[in-house]
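One chain comes next, on its own, written as structure tokens: the form predicted alone.
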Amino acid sequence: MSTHLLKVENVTKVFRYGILGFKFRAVDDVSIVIEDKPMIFTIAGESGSGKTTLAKLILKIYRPEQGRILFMGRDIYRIDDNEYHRCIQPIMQDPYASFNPMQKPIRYLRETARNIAGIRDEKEVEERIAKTLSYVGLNYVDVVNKYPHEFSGGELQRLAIARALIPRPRLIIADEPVSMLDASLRINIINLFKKIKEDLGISFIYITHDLATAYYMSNKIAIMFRGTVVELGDARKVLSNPLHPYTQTLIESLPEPSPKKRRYWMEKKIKFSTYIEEEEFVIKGCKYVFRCPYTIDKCKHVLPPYIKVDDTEVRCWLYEKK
């Protein structure tokens, strides 16, 4: 029996800008391990870091050019799609796009119960749905006859969570699940994820650019930049004592009420906008080389390996053992 729930080994995904544009590695030699125990594993980084592409690779929406992904020790492409999707379920960013506006959400819940969970008895289908809706804070009677426009954004996201829970998966991949909700609703959804992990033993891959929620809810975290994982380890340790210069800058540039901090943050943002994204994707060495204040010649030509510093892994030549 594998001790790893999910293992991503040296995975690379290549895309092309436009029809005749340059090729770039949206995910570049990424390796992560999620242990076979309930946990929230966060993948964090700015837009364009490869977070969602990595999620789609795990969900089998994309296929990698290099590397492999193992679920419970088995290559995901050797697992039947129905079996795989019973074990791994997604929750997407936009609750309004999760359901066809012309269809009642209850239809999606029933189809999930029948086709993914494999429940054949109709009474059992309705019981599973009602029980799951109650668990996420919704009432079956209030849901059954409504269309998507009759729900709030928070209610729709709870419906999406219920749909993901119906097959009783081992892993849920939640891609920016609270970014489109009002601030007052976000903590409720985040606490629901923690409750699901603790009550039902389901693990999460939580994808976000919000380091505050990552710090609050995560067990482990991987920081991504331009397709690479630059730092990986215990979430609170990484976010409290970041090692990679990119992680340090992410945390330093969080907006704060202080005017001094705000000026610093704006200067960082302006500085970042002057670099060419294409060069960061195609460089053979460290993707952060154009922004990093500690760059040496080696950084431009050789991508650092994962270097262990205590319990954290960091891809930076600063930590190379001499």
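A residue's number is simply how far along the shown sequence it sits, counting from 1. What you see is a predicted model; the values in this text were computed from it and never measured.
As for the form predicted together with a small molecule, it is not shown, yet the points below apply to it.
Visitor: So in the predicted complex, does any heavy atom of Ser49 sit within 4.5 Å of the small molecule?
Guide: Ser49 belongs to the contact set for the small molecule.
Visitor: Mark Ile69 yes when one of its heavy atoms lies within 4.5 Å of a heavy atom of the small molecule in the predicted complex, and no otherwise.
Guide: It does not: once the small molecule is placed as it appears in the predicted complex, Ile69 has no heavy atom within 4.5 Å of it.
Visitor: If you check in the predicted complex, is Leu57 within 4.5 Å of the small molecule, heavy atoms only?
Guide: No, Leu57 stays farther than 4.5 Å from the small molecule in the predicted complex.
Visitor: Although the partner isn't part of this model, could you tell me whether Phe281 comes within 4.5 Å of the small molecule in the predicted complex, counting any heavy atom of the residue?
Guide: Result yes; Phe281 sits at the interface with the small molecule in the predicted complex.
Visitor: Among the candidate residues Asp234, Glu150, Glu83, Glu176, which is the single one with a non-hydrogen atom no more than 4.5 Å from the small molecule in the predicted complex?
Guide: Partner contact (heavy atom, 4.5 Å) among the options: Glu176.
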